[in-house]
Structures are given as structure tokens and as C-alpha cells.
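The chain below stands alone, shown as C-alpha cells; this is the form predicted alone.
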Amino acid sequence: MTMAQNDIVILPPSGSNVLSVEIRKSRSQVDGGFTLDLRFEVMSGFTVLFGPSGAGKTTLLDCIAGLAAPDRGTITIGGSVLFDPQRKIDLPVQRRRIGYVFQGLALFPHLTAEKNIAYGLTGRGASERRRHTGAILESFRISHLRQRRPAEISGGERQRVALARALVTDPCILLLDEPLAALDAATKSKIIDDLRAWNHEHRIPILYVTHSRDEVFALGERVLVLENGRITAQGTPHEVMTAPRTETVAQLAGFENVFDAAVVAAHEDRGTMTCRIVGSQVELETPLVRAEPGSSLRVGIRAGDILLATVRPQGLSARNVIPGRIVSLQQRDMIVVARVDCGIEMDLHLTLAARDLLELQAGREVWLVVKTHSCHLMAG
């Protein structure tokens, strides 16, 4: 089956779409030099693509949009085929009915907000363009900006115009490549609320690329974690981010302390085991997993899950009490990051009040307190 340029393809209406992707694409050394090898299916709603820079997130979006061609595989939406080289199907970009908001927005600087939004409706009647453009301007609360150009409005307003332009065509898929990265938290939160409200009415698959853990929890109904072109974890934000199984996910999810460890002993009667941090004498009681004594693991601990005491604590339910000495204290906004040398260096977060009340300073001896279930185990 060959798709000629003028073949008619009826894509499904919004609200009935299931996006199915099974692709393989090799990237050049200039682009990172790995192979994108992915297979997944997503329903309507938000799916967050999360992972380090260079993991393949944008390449994946480009393949779905038709801006890049996989070496092989298939891409379908609602049963309609967008890409299948074996059947000689490769729909051009303009016929895939996909909304795409780039990180740089790509608004036309010489056009007003209204004309930027209406650009995607070229070919429709003037009255239809005005009706759809007016509706989306009102939906995203930017009707008052219709005669202004991008340089005359704020960053958050430009983001709203870019989203409105992508959505005015009633796409069957929406691709968002870090669209809110440059915005402050308050503006970002308002746009997320509007985007969530729009999707509640239209229910299409939305793939949302971000490096922000807050955005994962604010938007994601499902998370796909990409690393070196492959999916390394998937599930709900809670499943993926609170119990990471790889070091990359742990670091991205906010586990500031990640260590190599060896299993010393298992305590099946109490559901725990003892692990020693490699290169030190520090031993931690951790949750019990299937691992033989001597096997290698990784242990991740959030900086916010560690308590600090200036005298040795007693009578605690927490099983890990570790002596150390403060190496440094750094204030970051309203949080103090303390680095403590315990034979290994660990970071923990304190409030400004705790720092001042405890009279903390570099060189002071302290004790760290870590609960067993604050120690997250990953493959070594």
C-alpha cells in the first residue's frame, strides 16, 4: 500500500485516540550516537516523557510528528497508520493532524497573537477561522492579546499563544517539548491548570517532555522514563518517582545521595537487611529484597529524608544513626544544604531555623538519622 500525496486518510476524531509506537532509529555520533528503540502504547490523557538530556525524548516526538523518519517500525493513532515503511506509508507532517509546541515556541514575530493562532487554519473559510480562533483565545484567557505581537507580551502569554496555535486545529495528538521550562512557578501552575481543563474536554494523547519533577506530579497520569534511547521505567508518577529502580531515575527524582553498596546480611524475620556502603565502614539497615550476601546494589536516600542531631539520639524507632562531621553549609533560597562526612559524604536539607537554633557550622560533630524505608534499593 503506497500513500500518494493526495490519498485521503481519515484520522480519528479527538477523544477516541490510542497512540501506538514501535520504532527503531539510530542516531549519528553528532546527535548522541545511540539507537532509539521504543515500544509503547498510550491512551488519551497526559503521558510525561522524563529523562536526562540526550535520552531521545525530542527525537521520539519528531518521529511521531513526521519531522524525522525511524529506520523501521510503525506509528499508529486510533487504528490509522502514520508510519509503516513495510507498507510504504509515511504521512507528511501537514496531514498527521498533530499539535506540536517546541521549547522555543517558534511563533512568527511579525504576526499578531490572533494571526499566529489562525495560521494553522489556512485553507478554511474566513468565518470558520475567526470562530475557532476566537474560541481558543477565550479558552486560554488571551482574548485581550489578539492584536499584539510576540515581542509585546510576556513569556507566559507567549506560551499560551503557542499552545492555542497547536490546539486550534483540533489535533488527534499533542506533543509538548518542555513548553514551560522558562516560566516562574506561579505562571506555570496557571497554564498547567488551563491545559488540564482543555484536555478534560477533548481527551487526546498528550506527550509532555519535562525535566521538572514538579511537572511530572502536576500533569502526569503516566510516566515513561527514557535513558539512552530506551524506556527504563514506566507507570504512575508515584510508582516511578517514589521507588526508583535505576540510578538515573533516582537522581532525576530527587535522590541526592546514591551509593554503591554490598549486602552484608538478610534479616528475614524483621523484613530488613544490612548493606555496607562501598569504600567505607558505614552500614545501613534497608528494606529486604531478593539479594544474596555479597551481592552489589545501589542505595538512594533523599536529602529531605535525613534528620540531623547535635547529640547522639537514643530511643528512636529509626534504625540508622550515623556519626559524622559537617563539611559545609550552603543556603539555597529557604533551604540549607548540609554536607556531612560520615566516611562517605551525604547531603541533607535543613530549614534556616534549624541551622540557627542548632548553631550549626562547618567542622561540628553531628549524627544523621535515617529510617529503614528511606533507603531505596536499586540494581547495582
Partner chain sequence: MDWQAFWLTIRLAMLVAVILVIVGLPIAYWIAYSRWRWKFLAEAVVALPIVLPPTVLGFYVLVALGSRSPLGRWWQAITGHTLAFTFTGLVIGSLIYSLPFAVQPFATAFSLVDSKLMAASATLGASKLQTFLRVVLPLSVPGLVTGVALSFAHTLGEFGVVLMVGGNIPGVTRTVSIDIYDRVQAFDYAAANQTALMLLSVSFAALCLVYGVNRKVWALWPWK
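Residue numbers count along the first chain shown, from 1. Worth saying up front: this structure is predicted, and the values here are computed from it rather than measured.
Here the subject shifts to the form predicted together with its partner chain, a form of this protein not shown in this document.
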Thinking of L307, R319 and W367 as one candidate spot, does its partner chain come within 4.5 Å of a heavy atom in every one of them in the predicted complex?
no
Segment that reaches its partner chain in the predicted complex - one of 182 to 190, 106 to 114, 131 to 139, 274 to 282, heavy atoms within 4.5 Å:
106 to 114
Might L352 be said to contact its partner chain in the predicted complex, defining contact as any heavy atom within 4.5 Å?
no
Whether T122 contacts its partner chain in the predicted complex should be assessed with a 4.5 Å heavy atom distance threshold; does it?
yes
So, in the predicted complex, is T246 in contact with its partner chain at a 4.5 angstroms heavy atom limit?
no
Taking heavy atoms and a 4.5 Å cut-off, does S143 contact its partner chain in the predicted complex?
no
Between the options L82, V161, V223, I98, which residue brings a heavy atom to within 4.5 Å of its partner chain in the predicted complex?
I98
Given that its partner chain is left out here, which of V289, V93, A126, A197 has a heavy atom within 4.5 Å of it in the predicted complex?
V93
